[in-house]
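Next up: just one chain, as structure tokens, the form predicted on its own.
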């Protein structure tokens, strides 16, 4: 039995070892590791908190749970002392803020606690991170060097990419992130779909697209949380998440910097696609920190099909 345990231990790859083997540059892998550690703190706060939390209003006018503010403070504080981050932009702040001395290499964007409105229902929620060089006011394809998200569910998992594939890690009982799946690849075509927004608010073109998915037998899988729904598409190896342009909100709901760019980066690294229905998400120029965009993200076939339906409405 001792030999088996030893062999098993030798085969375990933790996050730091994986990033080293993956050739991630030293400063970037240290930064990713520090963010992963922050996920442990946020998870602990989630478990410590009461189920019903009174809170503030964030800058977007949505109900903000106390956990949102706490998660943002934890993340910003840790990054401030990291030595690698010059600026920080968060969904909970009204602008990008300087947290370094200006000489650091990276800029971090964050949705510190995506899906916090689901806390009282005990559904999975998550943290979304984008890591940029030089400036966030460019298209993501030019500025992004890495992205990750952490899912707080029955297991705490993290999927990261530093531009060489998408890899999943699970937080084990010893507090280590250990490799679960390496180089995750989506199938060309999936079988599940997660459509956001109210049906009555959808455009005719988007409605026809969803009707087509339903008639083709796609299974509806929508939790109301971006992280768990994207995670499901990735782990199930295909499918589609969409939060479209709405009749009264042509830019949709989700934020380009904090939610869409990081997820698009990861999904592309897994062989999928992410568009606003026309252009790739990572090709969209960022004009402001609170910029929004529609999103079609997942397997290449479904994203291409969405583009075909939307183009017919032009």
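Numbering follows the first chain given and starts at 1. Small disclaimer: the values here were computed from a predicted structure and weren't measured.
The discussion below concerns the form predicted together with a small molecule, not included here.
Interface membership of residue 29, defined by any non-hydrogen atom within 4.5 Å of the small molecule in the predicted bound form, is ruled out. Under a 4.5 angstroms non-hydrogen atom cutoff, the small molecule in the predicted bound form has residue 241 among its neighbouring residues. Among heavy atoms of residue 253, some come within 4.5 Å of the small molecule in the predicted bound form. The closest non-hydrogen atom of residue 224 lies within 4.5 Å of the small molecule in the predicted bound form. With the small molecule left out of view, the stretch that reaches within 4.5 Å of it through heavy atoms in the predicted bound form is, among 164 to 172, 181 to 189, 145 to 153, 110 to 118, 110 to 118.
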